[in-house]
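Only one chain is included here, represented as structure tokens and corresponding to the form predicted on its own.
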């Protein structure tokens, strides 16, 4: 009976993601932000009424949550575990096929640097992970060393507080463009937020691609020796 229930739950989840419109919504929400139904409708190229129907199914399935502010309705992924699940599935699907110059440019930007729900991915995310490892801040099995914990504190993090969440402090997240792991978990989320707050990275348009600013290049070099 337990196996049957698990199988039914898996089939239900697969059914939710099997629809192209709902999958498009989930990929868009991987940027970690809250989107309006109209924004998601435009992203998927569907009518607002169609978007509403699909969002109702995603809400019922527990993949997204709804937030209301005044008359506006926003949705975002339910929690980091959903983001991790979607990123893992994306890594198995491989990079998107490029059709036209616009898509080629967008794919290059995503491969260079992007957010993976709430942490950094792409070549930037992998470079940061390599820098942490090379400086002895992060072990090969993705555990912060005492020096690494001190390094986080110098950036304003409270390692005890980060470890007090439901998430692991550090977690290997397979990068679907680099085919290597980048840093996820609570520490990965902290670094992404810190980099944004310091103005070291900026979003590229409305996608989840980001670019490193000039101050960001200097900071990466000073902190982790990343040229």
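Computed from a predicted model, the values in this text were never measured in an experiment. Here the rigid core means the biggest group of C-alpha atoms that line up within 1.5 Å when the two forms are laid on top of each other. Positions refer to the first chain, counted from 1.
Another form exists, predicted in complex with the DNA; not displayed. Remarks below refer to it.
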So which of 72, 150, 81, 92 gets a non-hydrogen atom within 4.5 Å of the DNA in the predicted complex? 72
Contact residue in the predicted complex, from 194, 163, 57, 171 (heavy atom within 4.5 Å of the DNA): 57
Taking the shortest heavy atom distance, is residue 9 within 4.5 Å of the DNA in the predicted complex? no
Though only this chain appears here, would residue 36 touch the DNA in the predicted complex if you measure heavy atom gaps against 4.5 Å? yes
Given that the partner is absent here, does residue 199 sit within 4.5 Å of the DNA in the predicted complex, heavy atoms only? no
Looking in the predicted complex, any heavy atom of residue 22 within 4.5 Å of the DNA? yes
In the predicted complex, do 123, 131 and 145 all put a heavy atom within 4.5 Å of the DNA? no
Going by heavy atoms within 4.5 Å, which of 154-162, 26-34, 39-47, 184-192 lines up against the DNA in the predicted complex? 39-47
Core-aligned, is the CA shift for residue 135 between this form and the one not shown 2 angstroms or more? no
After core superposition, I'd like to know whether residue 150 moves between this form and the one not shown (criterion: C-alpha shift of 2 angstroms or more). no
Can we say the CA of residue 40 moves by at least 2 Å between this form and the one not shown when the core is superposed? yes
Regarding residue 196 and residue 34, go with closer or farther for their CA spacing in the predicted complex versus this form, the difference being 3 Å or more. farther
Work out the direction of the Cα-Cα change for residue 34 and residue 128 in the predicted complex: closer or farther than in this form? It's 3 angstroms or more. closer
